[in-house]
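Quick setup: one chain, the form predicted on its own, written in structure tokens, and binding and motion questions come after.
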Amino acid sequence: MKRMKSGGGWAAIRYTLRMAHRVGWWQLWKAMRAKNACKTCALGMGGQAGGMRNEAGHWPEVCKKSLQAMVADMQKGLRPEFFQRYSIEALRTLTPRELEWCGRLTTPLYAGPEDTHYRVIGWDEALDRIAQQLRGQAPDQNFFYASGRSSNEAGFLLQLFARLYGTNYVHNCSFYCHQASGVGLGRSLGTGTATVTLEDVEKTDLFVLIGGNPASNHPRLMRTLMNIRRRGGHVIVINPVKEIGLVNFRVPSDVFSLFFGSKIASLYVQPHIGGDIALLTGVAKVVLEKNAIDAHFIGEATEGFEAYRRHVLDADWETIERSSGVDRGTIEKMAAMYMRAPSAVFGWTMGITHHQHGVANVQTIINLALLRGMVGRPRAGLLPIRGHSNVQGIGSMGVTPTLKQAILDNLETYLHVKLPARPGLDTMACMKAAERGEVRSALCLGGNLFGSNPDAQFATRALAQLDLIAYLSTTLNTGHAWGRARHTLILPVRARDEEPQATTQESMFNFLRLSEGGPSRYEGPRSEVEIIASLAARVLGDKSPVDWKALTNHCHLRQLIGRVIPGYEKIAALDRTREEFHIAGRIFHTPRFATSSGKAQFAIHPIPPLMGSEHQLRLMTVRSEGQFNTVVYEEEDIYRGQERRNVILMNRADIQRLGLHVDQHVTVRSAVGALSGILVREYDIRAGNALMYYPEANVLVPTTTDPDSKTPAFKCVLVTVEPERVSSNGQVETVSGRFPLQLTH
């Protein structure tokens, strides 16, 4: 497959035309123009201002991810005959893409211990089965999980139900993505979210993008990066992989960019996987040695500087260069660009958080920003670039093991109740408790809990130990095939633009968006709020302090949220005002922070040793251009020039050093699993490192987590690459078990 010379452009336009032809031009246009927040990333497209507008009002704002999610929701509905024809074993042979495109779920499904197929059941039977399970168990024998695609209203109701039921085993998908950002920001600044607005990013002089590929995963951010370069600003990209869309991108909605392309990276730095702390420590060392710090800001608005300064200056260049994989000259060039910039925004994605030292990575970025006073003023600050369109809102609603004290106090005071004080469990802790048999059931609000877990064999074992698992889903995914409990239920839910009442979502810029909903495309699916309220009423009965039927009215639910969630007070009047707003207390445009002292905290983190031996590669798992999180829309990755997903992308030097050749079949092996039938492909990645696709490569990822954030290290897995033998009849002999996902050859 020919590798593209730039991201976006005519390929994106052709894809749009193809999708329009698939579902109907007028139907897709109406769907994309609806007043609903985008279903994919958290940049905040859509909302009350209308579809295809960002929160600054710019039109048109649209990307392939938006189209893919919308077209998937516009598929034909699955009929009962489908599940009579396809057994669960047959579903296991389908790729993530094939499962996604089977069609929309329209009826509740059930499979018991002896069932070979899912079968259609009625709503009352489905809800009664779940309620009976919950009533028959102690509260801490169950956990409640939410993805970031659900609404604020559904997330708030889920955690309220769980806590009135009696458990803090409540968590969300951020523990497998950006939890390290929240913990790191919270410790250093007292906030868990971005400190900047979209306008700040648009007007900054320097954007430092670390460990991410928004050209594939957040395409609408590319317009912002293009605008920074056009104004004479700069973009520094830090990524072990040379991603073509971060070198040059053609923004389809900009005529000049579409025809001639837009340069994105002013400087492209390729460290080792896991080398970010060393690299950023080197930049800080140059800044300190040149005395290019903001001494007034540091003295007035920070604490811990002297200890941090000594730590950085004591770091030796040999360790910095060896551990980062970047030479001193490049580090000094990067530092010079930073020192010249009047303002700077640092943005990062899961290339920073998916490590055993993810929180340390985040705090190292914060330290560098604090050195020059690049936090606490306009046009400068910190931006965790989040994936799911409402993952930040789900956290704001309290779908976390530990409620913030203010939320807990407000709930107990308003409802006149005492909520459980026992510690909650994060996502990985709940999975391990399930494997040990300590947790008996799970309720999953969206997402793909199985597909998002490291060590897929462990995930299958853990979920199989449950008595019951219930998935609230729009389409089939690998969890429905591999993440089965003794009793498995799939409840079909309405997509965001099919909700009968308005819902809200929170963007990565702390901006609340209002989605109007719309008519349902199918009979059968129900609103997430309706399902949760129905379950809560069945489980808690007349003893509940909450009128669950009343809370199915989203207006009443938002009034409760406004009373309980600090910063969300304006949501109580949203149905009258229709006013979208920034969450109060989140954006820092003055150097006063949300810590107990009001000052930002410098944090000291030693440079971690570079992992691996000469016989191993450091592997990162990544998304392709044709997918969103665990959802795979297309098998090919056009930006990386890959027509399939069963590949390992390696540096040419590593291919030669290991005695391999391009398109050779290999087995990739880690401490927890192996994948066979993998093709070697050459790519521009720092030598000693490699890349494979998520979620298929989850088989290789250990369950090891960052001790502070409990986030798995998806981005740094030690692997070996072994040639596969060819038998006398010409067949490739592979290791046993391409478990758990069939990879397409």
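Keep in mind it's a predicted model, so treat the numbers as computed, not measured. Numbering starts at 1 and runs along the sequence shown.
Another form exists, predicted in complex with a small molecule; not displayed. Remarks below refer to it.
The listed set Val241, Ala131, Leu610, Ile407 contains one residue whose heavy atoms approach the small molecule in the predicted bound form to within 4.5 Å, identified as Val241. Proximity to the small molecule in the predicted bound form, defined as a heavy atom within 4.5 Å, holds among Ser515, Thr474, Thr224, Thr400 only for Thr474. Residues of just one listed stretch (296-304, 184-192, 320-328, 211-219) have heavy atoms within 4.5 Å of the small molecule in the predicted bound form: 211-219. Mapping the unseen interface onto this chain, Met70 falls outside it, with no heavy atom inside 4.5 Å of the small molecule in the predicted bound form. The closest non-hydrogen atom of Gln616 lies beyond 4.5 Å of the small molecule in the predicted bound form. Although the partner is absent here, Phe588 sits far enough away that none of its heavy atoms falls within 4.5 Å of the small molecule in the predicted bound form.
Using a 4.5 angstroms threshold between heavy atoms, Phe249 stays clear of the small molecule in the predicted bound form.
Heavy atoms of no residue among Thr281, Thr364 and Asp708 are located within 4.5 Å of the small molecule in the predicted bound form.
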